[in-house]
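Next up is one chain by itself, shown in structure tokens, the form predicted on its own.
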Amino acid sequence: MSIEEQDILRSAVIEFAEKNIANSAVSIERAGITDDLAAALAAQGFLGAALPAEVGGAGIDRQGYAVILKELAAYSPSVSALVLITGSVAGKLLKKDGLLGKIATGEEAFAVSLWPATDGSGDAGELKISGNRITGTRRYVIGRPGGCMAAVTDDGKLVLVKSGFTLSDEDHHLSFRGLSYSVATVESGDYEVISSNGKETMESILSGMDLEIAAIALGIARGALAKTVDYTKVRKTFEKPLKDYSTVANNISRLMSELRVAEVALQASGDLNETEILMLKTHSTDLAKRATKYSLQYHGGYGYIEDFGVEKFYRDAVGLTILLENQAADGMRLSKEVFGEKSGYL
């Protein structure tokens, strides 16, 4: 996709977000992404942007997909994560059949536990196949409730459970609150085995989302910094706007400069190799954490109030690197490229 085409698409996403997300961002955090919003995303072609046209998706290329993820994340990282889970997880795991088509159009919800690819440690519950039934629990499930779920069983099989499970929030989760982050309780005979090497399949999906994660991270940074620029223009201390203080102005300007350079790289991602895209991701996720931390700091106490829409960016910048990637594995991948051999494993 050319730069000009990306700009046209960006304008369309922003127009959609202003109409459908901007005034509902707080309610999305509190009550979740509604079926109506999912349907609107699908109708606009954003929900199934990366899915093939034959199943009802938009069949857009990777650069266009990154544009959609980034611009949606600047308004609601949860909405952007939903698009990611639909396009980059469901789209890679499921057959190009009626079920994927329903997910692309928002008729069917999809949730997934990326464990153990994100982090093999921790108590993920017990999920086992016995005879023709699958039973047990699986933690770390993220997505929309009420549809189907993909997860890895204790013996390493990747399964798609189509019914016979419930999702419940065991703890009040901090990140991507617009989505369910749940424990699945499963008692079902309605499932299929997608892969016998579940962990490897999930790891392949995660490592294939480097550009997409970078896009969401940059959208988070953009959303947080935009609010910070606006706020520091009007918030005064000692009768002077915060933006008039050199430390504040310099920090925000440097972060905006870093953001813009990364955005240019994202636009030109078609010319980047896999290692450069991984480097862009590590830079972008780090930038998102720093930018949102400063945004929270410069908003003072107001930054912690949901209505200001700042604290969610900080929570989701951190959650992005915990729920949707494996930083340890990324570090080893990057170290191997830098040193030319296996490194960083001790």
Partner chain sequence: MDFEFPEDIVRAREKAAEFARKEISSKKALMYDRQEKFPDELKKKAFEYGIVDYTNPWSMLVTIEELCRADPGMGIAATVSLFGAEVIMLFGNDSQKASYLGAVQNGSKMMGLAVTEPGGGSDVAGIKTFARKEGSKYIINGSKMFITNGAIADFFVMLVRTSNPEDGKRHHGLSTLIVPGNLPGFSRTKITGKLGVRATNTAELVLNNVEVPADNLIGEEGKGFYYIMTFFNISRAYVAAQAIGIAQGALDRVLEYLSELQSKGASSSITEEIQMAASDIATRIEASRLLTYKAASYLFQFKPNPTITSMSKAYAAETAVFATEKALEITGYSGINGDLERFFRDAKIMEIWEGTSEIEKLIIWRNLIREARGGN
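Numbering follows the first chain given and starts at 1. Worth saying up front: this structure is predicted, and the values here are computed from it rather than measured.
Absent from the display: the form predicted in complex with its partner chain. The rest refers to it.
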Next item on the list: Consider residue 327 of the chain shown here, and say whether it contacts its partner chain in the predicted bound form, taking contact as heavy atoms within 4.5 Å.
Entry: yes
Note to self: Using a 4.5 angstroms cut-off on non-hydrogen atoms, would residue 29 count as touching its partner chain in the predicted bound form?
What the structure shows: no
Note to self: Using a 4.5 angstroms cut-off on non-hydrogen atoms, would residue 235 count as touching its partner chain in the predicted bound form?
What the structure shows: yes
Checklist line | in the predicted bound form, residue 62 touching its partner chain (heavy atom, 4.5 Å) | finding: no
Next item on the list: Given its partner chain in the predicted bound form, answer whether the residues 139, 239 and 297 all have a heavy atom inside 4.5 Å of it.
Entry: yes
Note to self: Within 4.5 Å, heavy atoms only, which of 118, 78, 180, 88 is in contact with its partner chain in the predicted bound form?
What the structure shows: 118
Notebook entry, point to check: Using a 4.5 Å heavy atom cut-off, which stretch among 41-49, 54-62, 314-322, 275-283 contacts its partner chain in the predicted bound form?
Noted result: 314-322
Check: Judged by heavy atom distances of 4.5 Å or less, which residues of 289-312 approach its partner chain in the predicted bound form?
Finding: 289, 293, 296, 297, 298, 300, 301, 302, 304, 305, 306, 311
